[in-house]
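Shown here is one chain on its own, the form predicted on its own, set out as structure tokens.
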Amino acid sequence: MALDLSPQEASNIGTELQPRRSVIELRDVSKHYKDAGAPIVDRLTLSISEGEFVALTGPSGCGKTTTLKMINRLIEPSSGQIIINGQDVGDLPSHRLRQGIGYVIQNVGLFPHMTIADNVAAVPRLLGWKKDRMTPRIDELLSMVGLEPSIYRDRYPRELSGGQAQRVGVARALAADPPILLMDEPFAAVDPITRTSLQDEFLRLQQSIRKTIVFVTHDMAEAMRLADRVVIFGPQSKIAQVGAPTEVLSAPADAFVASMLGSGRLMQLLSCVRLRDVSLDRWPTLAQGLEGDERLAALSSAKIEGKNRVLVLDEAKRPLYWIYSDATGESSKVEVDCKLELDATSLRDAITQIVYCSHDCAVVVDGDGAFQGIINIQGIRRSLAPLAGAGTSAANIGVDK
């Protein structure tokens, strides 16, 4: 489906189209502190669906971390209701509530005197899990976050880098398989390269675990890259805009939101639109093993379409190599040097890859490696054309003229 950024359809990009059950509801929630003047959070109403990744972002002091902490009652709301799975959290003992919610913070908070395995097992142990259940779960989670269990299981937090410690923090939060994950600036304390790596890892992880995630970040680009839906707070957690990243980036609600997004919005937009969200070009293909007349017919058909080569696929439709035809009619094989995954690759990553590709285009495959189509610079420009039609030109989206 071609990219279309009407408000309704833009909010569906990268998410399921079917309505999902509401898991977390904040109903007119406020938080006041004595002698603080205005409330930190003032009458906030927000609904978060099952399996949804929602990022809360906004300026410092706007109440995003306070909101997160009220969900699992690390801070008690002054008024209003917080409903999780249909139950008012105020009616639950706080320890029972937190056993069903994973929590990841910026500085990780690993227990320094405990091994990595014991840190990951902390919540399952409180829940009374037996050792024969905990041990394989620890190894599964460490592998899931990219840490080889045989190497890291018996280490201590002081023996880890910042990025490795954050991975352990995520593993610990997931240990008891909670349906909800709260994350407060989890990647803010690491260097930019490690941060990008952790974001990539977490995006892949979320594709498989599909937790309901509430993620606090001051980094707008991080929010746009990771979340299904972004909530931009103004002062006192007043919602300035809420929507899918593509919707917010292409149509900021007002000058405040535009200022929060900053310059270079087109680059952010390119980062949050995946190849699965755009139209791919067809390309002539040929099954592996076909020779002689079949190959000549395929090359002839490709030439009629204005293409000088055919893509050869194996039995599972996986790309193998190109076949070119020269002026004498002879054909030659050339390796496919640029393959991109449909779900994992953003338009920004695609542009970077295509620039260095010898064929001026990239072959797009699904998670099993099966051929889905071709993407090139012209196709990317065509996919972004609706933005200009919606009044979002390169000039007003934050790109230099």
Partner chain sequence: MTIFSSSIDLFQATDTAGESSGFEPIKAGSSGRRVRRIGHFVFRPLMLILILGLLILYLHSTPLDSIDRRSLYWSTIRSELFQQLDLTLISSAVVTVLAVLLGILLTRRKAPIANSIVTALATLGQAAPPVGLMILAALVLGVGARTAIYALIVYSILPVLRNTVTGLSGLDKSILEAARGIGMRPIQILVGVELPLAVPVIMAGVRTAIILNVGTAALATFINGGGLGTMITTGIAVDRTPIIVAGSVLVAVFALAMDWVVMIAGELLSPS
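Since we're looking at a predicted model, the values are computed, not measured. Positions refer to the first chain, counted from 1.
Another form exists, predicted together with its partner chain; not displayed. Remarks below refer to it.
A.B. asks: In the predicted complex, does V170 have a heavy atom within 4.5 Å of its partner chain?
C.D. replies: No, V170 sits far enough from its partner chain in the predicted complex that none of its heavy atoms falls within 4.5 Å.
A.B. asks: In the predicted complex, does I105 have a heavy atom within 4.5 Å of its partner chain?
C.D. replies: Although its partner chain is absent here, I105 would touch it in the predicted complex, with heavy atoms inside 4.5 Å.
A.B. asks: Tell me, yes or no, whether Y324 is in contact with its partner chain in the predicted complex, where a contact means a heavy atom of each within 4.5 Å.
C.D. replies: It does not: once its partner chain is placed as it appears in the predicted complex, Y324 has no heavy atom within 4.5 Å of it.
A.B. asks: Please run the contact check for S161 against its partner chain in the predicted complex: heavy atoms, 4.5 angstroms, yes or no?
C.D. replies: S161 belongs to the contact set for its partner chain.
A.B. asks: Report the stretch among 255 to 263, 240 to 248, 118 to 126, 303 to 311 that approaches its partner chain in the predicted complex to within 4.5 Å, counting heavy atoms only.
C.D. replies: Going by heavy atoms within 4.5 Å, the stretch is 118 to 126.
A.B. asks: I need to confirm a contact call. Of R27, H32, H359, K69, which residue comes within 4.5 Å of its partner chain in the predicted complex, counting heavy atoms only?
C.D. replies: Contact check passes for K69.
A.B. asks: Which of Q236, N85, Q99, T135 has a heavy atom within 4.5 Å of its partner chain in the predicted complex?
C.D. replies: Only one listed residue qualifies here, and that residue is Q99.
A.B. asks: At 4.5 Å by heavy atoms, is each residue in M114, R155 and E201 next to its partner chain in the predicted complex?
C.D. replies: Looking in the predicted complex, the three residues M114, R155 and E201 all sit within 4.5 Å of its partner chain (heavy atoms).
A.B. asks: Counting only heavy atoms, which residues in 186 to 206 are within 4.5 Å of its partner chain in the predicted complex?
C.D. replies: In sequence order, I193, T194, T196, S197, D200, E201, R204 come within 4.5 Å of the partner.
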